[in-house]
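To begin, one chain is listed below as structure tokens, in the form predicted on its own.
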């Protein structure tokens, strides 16, 4: 395929309510969109980086810079055949998985649109609709948390995930379990604990959680393996999993029994499929995580969530969970499920008027400039 030009856009979209985790509070979602234009089609991708390097070392302005200076020019010069050739073409640039993922997603979208093939079909998805969970941020008080969870359950979400951190864990989890009974409940620590906290974390066993996500630092597989032997609650890894090879190592060590796949974190949707396949080969369930994506990234994530190994509700929540107005036609929760787009590519296109309204920076790079 011949890449003619690539656009990098920075957009800023207010969240319907502030989202607080151990990393901090987001009230406005700043994100990057990448648009690839070929002779026959165009495609869109979204970068999961945040405004500050808190979840990972990547952040929006840094991702813009590496895309502008290195990744996009190299890709325009490479004359790749399809999206599968993108990772090898960019392999000499170390890291920057979130930026690479956005670029790969846009190329994949353009390629599949030209073929008239949906991303879900290309990834081997088997479901047309997927059950959806919701991630509930840290609130100021437990009554506020109860009110928030009640609203999400009333909306029909199939699973509740609570963000926890030292000082905000046992009491809020106990309150939610006592208030709502036998709901599917899990917690996400975002690497905010230390191995010395293992005895404290073992007290979460009392609440019959479906999983404890990423309690320790991303590089502490040994600590997670030791914790997994010491508690009954299943350990799920997120930040620790950067590739299919990393997933295989974590499984072999016994560091987890469940994996959260975030396509951006592992460098793209093709690597996400490889992570899925590794986990399926080891009978390890997976689910698709989220990074506060707009409809562009959410559409692509739903294709991942529809793959056969994704047997648990993911974080692919409805558009109105985060945005009053999404960049695409809104994804609407029905009976606890979202429909998987079936159109060519990711199956959605940004609304031009909405996109222009929230764009704060944009740049085109052409093949001639590369």
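Numbering follows the first chain given and starts at 1. Given the structure is predicted, the values throughout are model-derived calculations rather than measurements.
Note that the form predicted together with a small molecule isn't included here; everything after this is about it.
At the 4.5 Å threshold, heavy atoms of residue 260 reach the small molecule in the predicted complex. In the predicted complex, residue 331 stays away from the small molecule, with no heavy atom inside 4.5 Å. When the small molecule is considered in the predicted complex, residue 190 lines it closely, a heavy atom lying within 4.5 Å.
By the criterion of a heavy atom within 4.5 Å, residue 80 is excluded from the residues contacting the small molecule in the predicted complex.
Of the candidate stretches 122-130, 247-255, 286-294, 98-106, only 286-294 contains residues with a heavy atom within 4.5 Å of the small molecule in the predicted complex. Against the small molecule in the predicted complex, the set 9, 46 and 364 makes no contact: no member has a heavy atom within 4.5 Å. With the partner omitted here, the residue from 224, 273, 161, 113 that has a non-hydrogen atom within 4.5 angstroms of the small molecule in the predicted complex is 161.
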